[in-house]
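Below, in structure tokens: the form predicted alone, a single chain.
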Amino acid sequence: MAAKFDTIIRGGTVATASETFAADVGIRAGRIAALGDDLGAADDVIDARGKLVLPGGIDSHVHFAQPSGPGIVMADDFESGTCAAAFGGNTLVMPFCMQERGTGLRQSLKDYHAKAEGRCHIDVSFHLVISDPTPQVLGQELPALVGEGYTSFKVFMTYADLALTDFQMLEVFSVARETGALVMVHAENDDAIRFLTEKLERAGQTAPKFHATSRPIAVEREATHRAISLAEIADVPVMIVHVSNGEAMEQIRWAQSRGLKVFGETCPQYLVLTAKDLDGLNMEGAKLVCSPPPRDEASQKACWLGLETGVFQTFSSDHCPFRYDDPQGKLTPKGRTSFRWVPNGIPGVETRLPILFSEGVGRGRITLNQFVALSSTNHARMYGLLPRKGAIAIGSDADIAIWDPEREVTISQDLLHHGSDYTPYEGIAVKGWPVTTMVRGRVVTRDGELVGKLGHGEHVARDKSPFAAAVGVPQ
């Protein structure tokens, strides 16, 4: 007689975004088929006594295998990036397909899919980056791709080869309004950054620590306000990503209090790092160069408040990895002369959830259910993946992370699986660690070992965000 289930996770405490309860989880054909006691037989039984059984993490802001400029190579491809994500308790990540100027959006997407095909340990779902909003892209390619399940795209307000003008942003926002897509915005004022950078360089202040000086809170606050104003004009929802401080957060709170569909995201670097961490590092400060930069302790407290009170809907890593001791990474020849040329970005996909669990749940700042919402369910809801992803419910994909809430770990590069040669979180002690990660019913990592088969991860097309507002387009 055949077993009733392929797998039963037995004896654990299940937590969702809304409730916590003791139950066994029965899995059949890659999906959750039952929740309850005495579920019967299974081909495989996973003992979860003393453990938490949570929806697998969804990191909706990561960068893998992304073009990064002449002579610079990103440290993670899809194989290493999704491997690290799995060890960090994640079951789906959302990387960015970067449109390079002069290249069509559909061709960029085709090339990016080729990099991912057969190379993923966990599931992926792509955002689009719009850097060249030509009439062809706006009028044909982008609407068609939204219809094919690429229902979110990102625009930049900084970086010379990516920044859009206000007019171009409004054009992109208009397409989002017409198609029901959700727009993500990197909000920093490029002109102000360039002005401050040139001023610092003239004064000989070129070490990596001056990167933070060139991007003060005001450039993020202003751009956040402007992005919200443009979104209000276009009547379109926006997600302001990687918010680093209280002043930018207050712009989002202001918009939300007036009923605007404005959402926010923050990241681990803004909770546990500050600009002072670059002091005394000389060129090693390049390891912490990211945009926006970490701020100060007051900004950390503000970002925690945003997570606690719901101003921020998602908590992502903004994993953007480069090697430090590598001429194709942080130590490019140009990088030795000025912070301006240091590749922006730090690794964090594997450490995102342990940091949030330990510093958030462990210290009583957020509840376990808030942790699940911020780490998984809200991402799925925001980006059109719920209820297939981000939930422990009958019919949902069996994307599950089993956590040992008592396990104590000191974060170290030696423990991690990303392609970078360092971690910005070296030496941080955390309590709570994912010990098993399962994607669509198959175990990918277990007790510190990679047991899943490369290629099990697949690309997931998405529905439109329930928060989008389309004109004349079926929802």
Ligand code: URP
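Each residue number is its position in the shown sequence, starting from 1. As the structure is a prediction and not an experimental result, all values here were calculated from the model.
Not pictured, yet referred to below: the form predicted in complex with N-(aminocarbonyl)-beta-alanine (URP).
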Task: Contact residue in the model of the complex, from Phe156, Tyr150, Tyr112, Phe263 (heavy atom within 4.5 Å of N-(aminocarbonyl)-beta-alanine (URP)) - done: Phe156
TODO: Could you work out which of His63, Lys51, Arg440, His417 is the residue within 4.5 angstroms of N-(aminocarbonyl)-beta-alanine (URP) in the model of the complex, going by heavy atoms?
DONE: His63
TODO: Would you mind picking out the stretch of 296 to 304, 201 to 209, 156 to 164, 112 to 120 that comes within 4.5 angstroms of N-(aminocarbonyl)-beta-alanine (URP) in the model of the complex, counting non-hydrogen atoms?
DONE: 156 to 164
Open item on the list: With the partner left out here, check for me: in the model of the complex, does some heavy atom of His186 sit within 4.5 Å of N-(aminocarbonyl)-beta-alanine (URP)?
Closed with: yes
Open item on the list: Can you work out whether Cys320 and N-(aminocarbonyl)-beta-alanine (URP) are in contact in the model of the complex, taking contact to mean some heavy atom pair no more than 4.5 Å apart?
Closed with: yes
Open item on the list: My question is simply whether Gly345 lines the interface with N-(aminocarbonyl)-beta-alanine (URP) in the model of the complex - judged by any non-hydrogen atom within 4.5 Å.
Closed with: yes
Open item on the list: Can you tell me if Ala176 lies within 4.5 angstroms of N-(aminocarbonyl)-beta-alanine (URP) in the model of the complex, counting non-hydrogen atoms only?
Closed with: no
